[in-house]
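The chain below stands alone, shown as structure tokens; this is the form predicted alone.
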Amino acid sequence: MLTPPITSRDHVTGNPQGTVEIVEYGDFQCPYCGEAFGVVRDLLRSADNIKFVFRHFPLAESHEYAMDAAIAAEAAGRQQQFWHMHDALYLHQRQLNDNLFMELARELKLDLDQFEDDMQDNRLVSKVEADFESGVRSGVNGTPTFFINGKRYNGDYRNLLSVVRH
């Protein structure tokens, strides 16, 4: 069971009033999450009843840039660009490095001084850690992990569209 349920702290896209709620615990450097990104993007384009939430689950011991990428997404979120940074991080997943975050911020036309300051803000680290801890409480032990209407989905993420339609 998803713990806690979706709150106002979560980043939501798709249809905020959607009847199907999908929560993903993901890591921007995880190759399977990169693959799932395309699946979710297609899903959101083809179904209008989905409320999609992304929660951070950076596997920092395996992925050197996962934590910084999560913080970059949160920093962009402070400038209302969370989802654009989310997408850019996945689209550039193989090029993740310390310089890429600022390049993406520049491409998104963020206030770069603010972005740089926010990248150092411990409150964003706490937000990412809170997402991670909620994943642990929800039984997440790898990425990507999906929850559909609060229940863990243990199937293949490539089948999400067919699962949501039934």
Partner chain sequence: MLQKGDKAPDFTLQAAPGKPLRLSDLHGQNVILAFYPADWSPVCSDQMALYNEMLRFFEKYNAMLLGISVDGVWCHQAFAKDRNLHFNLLSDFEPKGAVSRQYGVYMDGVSQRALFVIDQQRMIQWSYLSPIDQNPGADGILQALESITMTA
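Every value quoted in this text rests on a predicted model; they were computed, and no experiment measured them. Positions refer to the first chain, counted from 1.
One more form of this protein should be noted, the form predicted together with its partner chain, which is absent from this view; the next part is about it.
At a distance of at most 4.5 angstroms from its partner chain in the predicted bound form, all three residues Glu129, Glu133 and Gly139 contribute at least one non-hydrogen atom.
Among the residues Ser62, Ser46, Gln114, Asn97, the one placing a heavy atom within 4.5 Å of its partner chain in the predicted bound form is Ser62.
When you look in the predicted bound form, the only residue of Phe52, Phe37, Phe101, Phe57 with a non-hydrogen atom within 4.5 Å of its partner chain is Phe57.
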